[in-house]
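Starting off, we have a lone chain in the form predicted on its own, written out as structure tokens.
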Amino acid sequence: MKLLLFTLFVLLTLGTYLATRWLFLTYRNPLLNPVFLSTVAIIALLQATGLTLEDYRPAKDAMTFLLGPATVALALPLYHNRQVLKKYALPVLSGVAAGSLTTMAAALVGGRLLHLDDGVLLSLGPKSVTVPIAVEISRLTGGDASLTAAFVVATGMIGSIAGPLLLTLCRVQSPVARGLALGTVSHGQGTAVALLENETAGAMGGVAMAIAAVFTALVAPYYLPLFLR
């Protein structure tokens, strides 16, 4: 029974993602974000059938394991666009650094205006980098690792949906700029959406995600306390 559920969940998840990806590529509407729609569909199915997250967990763990190889695979579009990276090396580095500082500051200033306590602010600060790094930053600075993980997932989801729309409204058409923005603010989920737009945007998203993670890990322990009471 467990093997059957595992197989069905894996096939269902892949099928749901492929279907929502087709919708996104067909209509190019940011609200048809494949990650968002797939998540909603799987949750709805679990609720409708009475199955639990524990039933789904083995399939989830198997597919999550593939995130490592998938991240490494981002090197391929980067290799194809290596000349673009060389051409814009300085703007890329400075842009990602500025974006990382700005997104942390915006979150923390907003949190202060909402009167969040310091523990929540420290958990919120590293929301725009990938979960493993954000959690470690949170632990080092005194935040709550579980809360940080939730903030990271929410940031990726919101950024990957609203980011392309905001960039289009601001008339940002350059695939380099779009990829850098999505990768810096929305980490892996933003990079995945950038890759759906085109290979150059995806490559720049992968670069931005990596640089932002390293830069944030280095500066956050000193930068975040500046916004505390």
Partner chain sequence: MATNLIKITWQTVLLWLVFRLGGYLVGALHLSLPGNVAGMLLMFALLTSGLVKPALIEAASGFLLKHFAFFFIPISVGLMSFGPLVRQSGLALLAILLVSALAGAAVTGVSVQMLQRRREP
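If you're wondering where the values come from, they're calculated on a predicted model, not measured in any experiment. Positions refer to the first chain, counted from 1. Each form is matched to the other, and the largest set of C-alpha atoms that superpose within 1.5 Å is called the rigid core.
Only in words, not in the display: the form predicted in complex with its partner chain, which the text now covers.
Engineer: Give a yes/no on whether Gly99 approaches its partner chain to within 4.5 Å in the predicted complex, heavy atoms considered.
Structural biologist: Answer yes; at least one heavy atom of Gly99 falls within 4.5 Å of its partner chain in the predicted complex.
Engineer: At 4.5 Å between heavy atoms, is Gly119 in contact with its partner chain in the predicted complex?
Structural biologist: No, no contact at 4.5 Å.
Engineer: Quick one: does Leu124 come within 4.5 Å of its partner chain in the predicted complex, counting heavy atoms only?
Structural biologist: Contact with its partner chain, yes.
Engineer: So, Val185 and its partner chain: in the predicted complex, are they within 4.5 Å at any heavy atom pair?
Structural biologist: Looking in the predicted complex, residue contacts with its partner chain include Val185, since a heavy atom lies within 4.5 Å.
Engineer: Using a 4.5 Å cut-off on heavy atoms, which residues of 125-154 contact its partner chain in the predicted complex?
Structural biologist: If the 4.5 Å heavy-atom criterion is applied to its partner chain in the predicted complex, 125-154 yields Lys127, Thr130, Pro132, Ile133, Ser146, Leu147, Ala150, Phe151, Val153, Ala154.
Engineer: Does Leu116 count as moved between the shown form and the other one, where moved means a C-alpha shift of 2 angstroms or more after fitting the rigid core?
Structural biologist: Result for Leu116: yes, a 2 Å-plus shift.
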